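Coming up is one lone chain in structure tokens, specifically the form predicted alone.
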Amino acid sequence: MKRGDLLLIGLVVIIALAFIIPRWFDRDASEKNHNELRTAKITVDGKLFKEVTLTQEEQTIEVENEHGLNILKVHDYGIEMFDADCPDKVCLSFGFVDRTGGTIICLPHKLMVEIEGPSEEDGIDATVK
């Protein structure tokens, strides 16, 4: 092994540690994130249908109205659209939502799910002039 090889290996190890070490310190913030109470506010056509506390235990919520059927699944402190009988199925592409302010929207069924709870960061994300 040449000196340059050792230098390259050392550089790769240092870069890998630079990504791994901050995760060790951020672990407490992640667990704190799950200990705070969050709710999912489910509205149909602008009217409140149900408010659900996001827990680790699995819950299935069926939202059936004159527009159609949506099935939501609550698990791991988040919520996702599990099934829907809408024609485009775009609402299924929102995936698992667990952060405050996250939304799932099904336009054909006029359904909206919005996560509410303590904000993760205070302050302004960005400003544009």
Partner chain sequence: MQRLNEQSNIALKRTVIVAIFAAVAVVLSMVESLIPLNMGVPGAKLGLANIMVLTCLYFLRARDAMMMVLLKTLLTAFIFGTFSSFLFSIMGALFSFVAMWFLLLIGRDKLSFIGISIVGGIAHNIGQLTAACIYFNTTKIFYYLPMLLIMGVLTGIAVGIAVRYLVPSLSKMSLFEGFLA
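Here the rigid core means the biggest group of C-alpha atoms that line up within 1.5 Å when the two forms are laid on top of each other. Note that the coordinates shown come from a computational prediction; the quantities given were computed from them, not determined experimentally. Residue numbers count along the first chain shown, from 1.
This protein has a second form, the form predicted together with its partner chain, left out of what is shown; the following refers to that one.
F94 is the sole member of F82, F94, Y77, F49 with a non-hydrogen atom lying within 4.5 angstroms of its partner chain in the predicted bound form. Heavy atoms of F25 never reach within 4.5 Å of its partner chain in the predicted bound form, leaving it off the interface. In the predicted bound form, its partner chain sits beyond 4.5 Å of every heavy atom of I61. Contact annotation for G68: none of its heavy atoms lies within 4.5 Å of its partner chain in the predicted bound form. Mapping the unseen interface onto this chain, V90 counts among the residues with a heavy atom inside 4.5 Å of its partner chain in the predicted bound form. Fitting the two forms on the rigid core leaves the C-alpha of I20 displaced by at least 2 angstroms between the shown form and the other one. After superposing the rigid core, the Cα of L107 is displaced by less than 2 Å between the shown form and the other one.
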